[in-house]
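Starting off, we have a lone chain in the form predicted on its own, written out as structure tokens.
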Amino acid sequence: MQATLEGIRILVLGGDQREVEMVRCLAEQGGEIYTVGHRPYPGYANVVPVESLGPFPEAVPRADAVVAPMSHTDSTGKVRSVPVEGVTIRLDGLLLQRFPPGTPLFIGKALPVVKEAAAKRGIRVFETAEDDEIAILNSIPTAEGAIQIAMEELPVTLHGSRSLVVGLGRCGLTLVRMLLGLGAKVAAAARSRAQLARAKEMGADTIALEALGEAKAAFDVVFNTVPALILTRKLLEKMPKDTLIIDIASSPGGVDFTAAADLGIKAILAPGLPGKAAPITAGRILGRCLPRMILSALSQH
């Protein structure tokens, strides 16, 4: 990899296998990487565990940029994933006050508690999950992971199955393409006429989202990608009980899971699939895209 991060100090706060691979990629591009809650990185002299400098968070080094996980935090600001068990990282005012105002913080999704703490300290927040390049590339392991779940759960092959994809954003279009490639009979539902036109051009049947409740076809599997309640009780009541639903939308998802359980319909919530289905690939995507985002943020300050 080209060394694009020479002299830039990056603090990585926890993460999962994606961030472990990302650290290697950033280090190979010349960054000075400091990690919290990670195991050692043999062979990478420019990766230093903060714990070796002293207790965390008191020993946080000066950093040009801070990277928190794609899996982000819970509602209290606690980082959800840390490679080393027993290490707690909380993105709150106590931690963020250790960084100069203007420091960029990169995180998959910033919940209100993180946004508020960052705003009070003048920390600039960048949501990596919203970056088009990262999101489109991540749609590949996301779609593969959703298809893997479907293959494991369905009593029939995806080839010839009746599959519905709800939402035609970055993940939805990739999923439609992959399902068609497997020989599934795919229908796609969305609000955007342009997105529906693209799905039709790809070979899928199309349904306007507002007309989903009027669709007469029964589906073997429904993939939801819309992060808003779309599959309501009223809609679920019209589905056969052997329909499989896989919800890959970000929180809060788009399925009334209580209603699905009441109706005997199996509905699976499957967030964060890149980190589960292909963490190395997902980590390399971050390692490829984050340098651009970091350099851009630093050039603007």
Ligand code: NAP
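Residue indices: 1-based, along the sequence shown. Just so you know, these numbers come straight off a predicted model, no measurement behind them.
There is another form of the same protein, the form predicted in complex with the ligand; it is not shown, and what comes next is about it.
Peer 1: Just checking whether P40 would be counted as a contact of the ligand in the model of the complex - the rule being heavy atoms within 4.5 angstroms.
Peer 2: Judged by the heavy-atom cut-off of 4.5 Å, P40 is well away from the ligand in the model of the complex.
Peer 1: Verify the contact flag for G77: yes if a non-hydrogen atom of it lies within 4.5 Å of a non-hydrogen atom of the ligand in the model of the complex, no if not.
Peer 2: Outside the cut-off, so no.
Peer 1: Does L168 make contact with the ligand in the model of the complex, using a 4.5 Å heavy atom cut-off?
Peer 2: Yes.
Peer 1: Using a 4.5 Å heavy atom cut-off, state whether V60 contacts the ligand in the model of the complex.
Peer 2: Contact check for V60: no, nothing within 4.5 Å of the ligand in the model of the complex.
Peer 1: Using heavy atoms only and a 4.5 Å cut-off, determine which of L209, L180, V82, V113 is in contact with the ligand in the model of the complex.
Peer 2: By the 4.5 Å heavy-atom cutoff, the listed residue in contact is L209.
Peer 1: Pick from L95, M202, I230, L158: which has a non-hydrogen atom within 4.5 Å of the ligand in the model of the complex?
Peer 2: Residue within 4.5 Å of the partner: I230.
Peer 1: Counting only heavy atoms and a 4.5 Å cut-off, does the ligand in the model of the complex sit next to every one of T35, P49 and R121?
Peer 2: No.
Peer 1: Tell me which stretch of 187-195, 85-93, 113-121, 213-221 has a heavy atom within 4.5 angstroms of the ligand in the model of the complex.
Peer 2: Among the candidates, contact is made by 187-195.
Peer 1: What residues of 268-301, in sequence order, lie within 4.5 Å of the ligand in the model of the complex by heavy atom?
Peer 2: Going through 268-301 in order - heavy atoms within 4.5 Å of the ligand in the model of the complex - the hits are A270, P271, G272, L273, P274.
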